[in-house]
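One chain is shown next in structure tokens, namely the form predicted alone.
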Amino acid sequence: MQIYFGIFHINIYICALKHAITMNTNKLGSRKPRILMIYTGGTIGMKENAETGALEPFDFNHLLENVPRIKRLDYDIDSYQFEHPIDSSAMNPTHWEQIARVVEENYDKFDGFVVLHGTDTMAYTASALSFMFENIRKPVVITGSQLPIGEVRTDGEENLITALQVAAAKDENDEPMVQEVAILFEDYLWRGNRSTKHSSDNFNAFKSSNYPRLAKVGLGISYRREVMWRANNDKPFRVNYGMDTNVAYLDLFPGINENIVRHLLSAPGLKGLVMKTFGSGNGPTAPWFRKALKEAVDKGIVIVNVSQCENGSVLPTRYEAGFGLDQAGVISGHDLTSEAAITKLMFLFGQGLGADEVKVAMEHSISGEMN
């Protein structure tokens, strides 16, 4: 009788233990991660035209058929596809707003988002979205590939699967590991607004010269929490729409012509200019050049100085050639990428800010785009 009673109590203890484990597991997020994939187009979802040999976008469902391993992730995955998938060279602010709206409308329904995108303008899209998404606390992982996903040898399958894993990753507090817009490509996860496409044929096509990687992909995914973005307030997520495209680039080179510079600076409606300078922010010392810039600044055009170098920052007073630009009213872009600089100008003017307000905002970080 005592033996029976002992077994009875042991069974009760085991049942209670199982219940406690189940409850704790549920608290730690035992449900399947919910991920929304947003397919915009790009090489990852293209196939070869039988007649021309050119790559063209195709239906997203066919893309999933080529990656059966996705099912092994055991995630709840839903998808949204552009009605007409595009090559990323056709990407524009209207498409950025379309992506942003999909994220906004589904923000509370999903744990993370994966955006499939062409590589050519991926850094522009990542930068623009990072400015539009205020107080974001979930991952928006942008990825693509150099070869179509249906090819025998492709980087697309690994990039897609890894991007899904990053979007689903949680920390020990069941919070998203990544809480920003990031680019996942081959071996690395980069901050989106710090990234630049540096190769048209290597699988590791992106890099961030002025900011460390967020994660390294190997046998596992090694995250660097100390460099990850976190919103520093408890305000709700919101999307700020509006992009003003009255902006331009001025890429300096030895022998640049006065007529060309003045023609660009007098373009109707021009509000902002990203000037890509030499070295640490230097430009021609010819009097006409500085005079043309000062006249443009006096008219209310915001001119931002970024370096043509991939690594380093603009130090406008280091050399006389840069000091003159500073004296003309050109503001420093510090270590901004050219993609982040141009999209930031679009964003700030799109919010209805005046030139003086834009100047101040350009020299302060919005979402970790500059030091």
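So that there is no doubt, residue numbering starts at 1 and follows the sequence shown. These numbers come from a predicted model, not from an experiment.
Below, we turn to the form predicted in complex with a small molecule, even though it does not appear here.
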Can you pick the one in Q165, Q146, Q81, Q179 that has a heavy atom within 4.5 Å of the small molecule in the predicted bound form? Q146
In the predicted bound form, the residue from G156, G272, G118, G112 with a non-hydrogen atom within 4.5 Å of the small molecule is G118
When the small molecule is placed as it is in the predicted bound form, which of 168-176, 119-127, 275-283, 231-239 ends up with heavy atoms within 4.5 Å of it? 119-127
Given that the small molecule is not shown alongside this chain, does S88 nevertheless sit within 4.5 Å of it in the predicted bound form, heavy atom to heavy atom? yes
Is there any non-hydrogen atom of N305 lying within 4.5 Å of the small molecule in the predicted bound form? no
Is T337 a contact residue for the small molecule in the predicted bound form, using a 4.5 Å heavy atom cut-off? no
Look up in the predicted bound form whether G333 has a non-hydrogen atom within 4.5 angstroms of the small molecule, and give yes or no. no
